[in-house]
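Have a look below at one chain only, the form predicted alone, in structure tokens format.
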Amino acid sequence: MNWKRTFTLLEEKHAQKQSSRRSFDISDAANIALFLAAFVGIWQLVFLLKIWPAYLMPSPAMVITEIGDLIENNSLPIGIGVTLARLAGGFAVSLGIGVGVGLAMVKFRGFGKTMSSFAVGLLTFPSIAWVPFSIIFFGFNDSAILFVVVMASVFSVIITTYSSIRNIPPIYLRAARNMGANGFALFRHVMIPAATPSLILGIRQAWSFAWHALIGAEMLITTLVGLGYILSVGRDINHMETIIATMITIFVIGIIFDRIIFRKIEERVRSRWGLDQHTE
């Protein structure tokens, strides 16, 4: 009977955690909706007060109409699709290179010390500064844009991988070795779970670097498609509705990735490795 009682208690605790998470999600969504409503209200008020002319500060309704027009002529759907494809390709390359180099830095200490300083220096390098080099080297094409995205984010992944594994408390490794873990088993069952929290945060940061660099690169490296290109067109024709509509689209995509995709991945990983810190 004891084990049945224990199983029942575990189920109850799990249900309480799930209920707490749902309540938090609803509350979080309500707060976001309230903030957006207040923002749109202030925006409309500024428009009505005519502090700036309508061509500089269009109303929310004018921007919504512009979004509809961009969707109707397929500029926005195609731009979103192309931009996200570039982001996926560039960030995948950054993850592959960054994780590989980071693990090599952990394995070879001399290389790690040298490369860490080098990576930190290049991480502080403005991503926009890679654009002239990329244009000269690759020309005005997707390869040039992907190069800027990779260079803007790969060093963040390298540093994150290296520091996440190096900062694992030594007592975890000593305890695991005392219990017989070594080699790949030690890496898989101890080092990865211990490094996961800081690794996830670092990857989210690297993604934000890639996202910022991508939009800037699309504005400067003309390929006639992408959200950055739509922004540059709005700038060239002095059409503020197009600029604001594209900025809203970029903002929404960023929120979706950060608050929905990365957050869900983080929750799943934490739950998988027993790192969930939700309390009753």
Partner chain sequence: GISFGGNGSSGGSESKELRIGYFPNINHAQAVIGLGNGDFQKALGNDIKVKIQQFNAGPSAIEALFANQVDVTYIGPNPAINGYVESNGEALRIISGAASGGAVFIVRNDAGIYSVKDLANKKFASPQFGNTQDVALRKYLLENGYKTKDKGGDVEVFPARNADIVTLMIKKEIDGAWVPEPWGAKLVKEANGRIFLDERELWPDGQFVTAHIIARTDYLEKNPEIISKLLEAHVEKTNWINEHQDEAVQAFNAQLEKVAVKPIPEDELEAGLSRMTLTWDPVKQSLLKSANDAFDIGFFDENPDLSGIYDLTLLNKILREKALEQIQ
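Bear in mind the structure is a predicted one, so any value in this text is a computation, not a measurement. Residue numbers count along the first chain shown, from 1.
If you look for the form predicted together with its partner chain, you will not find it shown, but the lines that follow are about it.
Novice: Evaluate residue 222 for contact with its partner chain in the model of the complex, applying a 4.5 angstroms cut-off between non-hydrogen atoms, and reply yes or no.
Specialist: Yes, residue 222 is a contact residue.
Novice: Quick one: is residue 101 in contact with its partner chain in the model of the complex, heavy atoms, 4.5 Å cut-off?
Specialist: No, no contact at 4.5 Å.
Novice: Could you confirm whether residue 56 comes within 4.5 Å of its partner chain in the model of the complex, counting heavy atoms only?
Specialist: It does: once its partner chain is placed as it appears in the model of the complex, residue 56 has a heavy atom within 4.5 Å of it.
Novice: So, residue 135 and its partner chain: in the model of the complex, are they within 4.5 Å at any heavy atom pair?
Specialist: Judged by the heavy-atom cut-off of 4.5 Å, residue 135 is in contact with its partner chain in the model of the complex.
Novice: Which residues in 58-81 have a heavy atom within 4.5 Å of its partner chain in the model of the complex?
Specialist: The stretch touches the partner through 66, 69, 70, 73, 75.
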